[in-house]
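Only one chain is given next, in structure tokens, and it is the form predicted alone.
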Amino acid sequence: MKSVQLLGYGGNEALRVNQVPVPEPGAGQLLVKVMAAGVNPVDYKIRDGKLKPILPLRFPQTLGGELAGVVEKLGPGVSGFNVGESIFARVDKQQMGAFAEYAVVDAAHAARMPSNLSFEEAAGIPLAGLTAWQCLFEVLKLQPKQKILIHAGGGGVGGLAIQFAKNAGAYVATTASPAAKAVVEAYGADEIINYREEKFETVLSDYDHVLDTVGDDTLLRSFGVIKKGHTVVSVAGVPEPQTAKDIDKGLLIKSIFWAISSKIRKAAKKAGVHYRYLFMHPDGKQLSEIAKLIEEGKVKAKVDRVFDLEKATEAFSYLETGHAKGKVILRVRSGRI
């Protein structure tokens, strides 16, 4: 089968489309005929070696963290799925493998694909969807009528987070470029800050939560927007010590996270607020909840551009420009099954 593999840490020159054996599902796993796979910033961070301390690789490594496809075979002990069903999933972080014609997925990480989505649309949901879901409901514990600022609402995580938050009854402000204004309005944002012309911290105050998807100065400025004692959660900042526990890492990684997050934690403490970083974890049950919202028409998927599997390097390059409005997808096979 065809597989997009990383031969070693580096740039796009380290990527190759190789022929590899079709994997065999183990206990509790599904073999999936991949129809489409989502490309995400974490993929080029893995390629570059930026996640090497917490995600060391053995090369060659097939990349890809989310997919949509059809169940080809059930591993021992699997129940709740049938051969021929359309599913979508966030694959195990240590295993990866979505950028291929076939992939093995833990059944606990998969969910039935929303019937009203194409494979390309569905493939872009798991990673961003679970990230947004876990930020809002696991970390922030968002409640109806609370006010939340979601940065970069035109992006993959931000766009889904706006829709989840509105469905939960929250008041949502977001930062967006003028080009993304219509998109975030369609998602239901109550207040839109044009970050090119306004500083959000001078416009917004007394918010219950912030979900940061930008990092750097945007993250630091976010501490001035929320109530004392409340939380800013980021997926673009740096991990803090609690994150090591979340991902089952030991004292060494905890010490590294303590050191690299020192500046951010000090700024949060000075502002009287809390800072958390999220490493999303695969969860088929949460993905099923998201699928239900999509089928009910309460959440919409947005695809920016689709590339064929053989054009993976072009997909990476396009995503790295930062201009995508919606998800970037690799098409592995055409059509619906």
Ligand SMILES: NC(=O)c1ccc[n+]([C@@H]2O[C@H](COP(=O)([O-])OP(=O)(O)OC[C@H]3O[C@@H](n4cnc5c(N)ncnc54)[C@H](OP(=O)(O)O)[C@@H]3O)[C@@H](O)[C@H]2O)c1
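Only a predicted model underlies this, so the values are computations on that prediction, with no experimental measurement involved. One rule holds for the numbers: they count along the sequence shown, beginning at 1.
Below, we turn to the form predicted in complex with the ligand, even though it does not appear here.
Residues placing heavy atoms within 4.5 Å of the ligand in the model of the complex fall in a single listed stretch, namely 272-280, out of 55-63, 23-31, 294-302, 272-280. Among residues of the shown chain, A108 is not one whose heavy atoms approach the ligand to within 4.5 Å in the model of the complex. Using a 4.5 angstroms limit between non-hydrogen atoms, G49 is distant from the ligand in the model of the complex.
A residue is said to contact a partner when one of its heavy atoms sits within 4.5 Å of a partner heavy atom; V172 fails this definition for the ligand in the model of the complex, lying far away. Under a 4.5 angstroms non-hydrogen atom cutoff, the ligand in the model of the complex lacks I87 among its neighbouring residues. The candidate spot formed by G158, T213 and V235 is fully in contact with the ligand in the model of the complex: every one of the three has a heavy atom within 4.5 Å. Of the residues given (V71, L127, A189, I148), L127 alone sits with a heavy atom within 4.5 Å of the ligand in the model of the complex. For the options Y207, W133, Y195, F81, the residue carrying a heavy atom within 4.5 angstroms of the ligand in the model of the complex is Y195.
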